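Listed next as structure tokens is one chain, alone, in the form predicted on its own.
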């Protein structure tokens, strides 16, 4: 990538991030940040991220933990006076940072997202039991045992009310055409790899 392209981070975002072309429309009113239930925890709130993109602060944006805090509540989109697709941009930035290997280390949301995706794409439906167990143990065996013991009441309650099937540990239910799903995902990966920007 040339230095000229590196200095134009807005162009890079526009080309590689979902809905990235909307970043230049932000008027810095801060309504998105004020509407976000996790607003106080963001390293950089959305309007600040957008200004940093326009200022060419590539490393600071892509290595930030900010976009990983988005919970897809859509408050920001509903209240933005310009109707910017802020949630989509945040997830797009997170995805792009992941593609470039720039996810902050020990980012819990990124770990959760990967566990959820891996679980979902096996059979096209989430296996709640195996997903829950993988989340409990994602930070090590000792932490997993502590979390499992702490959550045993919830697990037993789910079993009693038939909200969780213990046979899910054997694989659980899948969608009607698992092979078709896998083929579609493989094709999507090929398309994404073909258009990936070399940095």
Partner chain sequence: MAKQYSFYPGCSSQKKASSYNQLRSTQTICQELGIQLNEISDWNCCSASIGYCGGGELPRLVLSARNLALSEKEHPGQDLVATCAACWLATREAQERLEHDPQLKTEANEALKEAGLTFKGEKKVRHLVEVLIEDVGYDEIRKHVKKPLKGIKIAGYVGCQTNRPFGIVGESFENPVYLDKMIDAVGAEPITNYQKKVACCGGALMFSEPEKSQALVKDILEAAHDAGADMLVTPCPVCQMNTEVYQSFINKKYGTNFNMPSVYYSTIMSVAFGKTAKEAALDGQMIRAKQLEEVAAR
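These figures come from a predicted structure and were not determined experimentally. Positions refer to the first chain, counted from 1.
From this point on, the text means the form predicted in complex with its partner chain, which you will not see here.
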Could you confirm whether residue 62 comes within 4.5 Å of its partner chain in the predicted complex, counting heavy atoms only?
no
Might residue 102 be said to contact its partner chain in the predicted complex, defining contact as any heavy atom within 4.5 Å?
no
Should residue 189 be counted as a contact of its partner chain in the predicted complex, where contact means heavy atoms within 4.5 Å?
yes
Is there a non-hydrogen atom of residue 181 within 4.5 angstroms of a non-hydrogen atom of its partner chain in the predicted complex?
yes
Going through 30-62 from first to last, which residues have a non-hydrogen atom within 4.5 Å of its partner chain in the predicted complex?
37, 38, 41
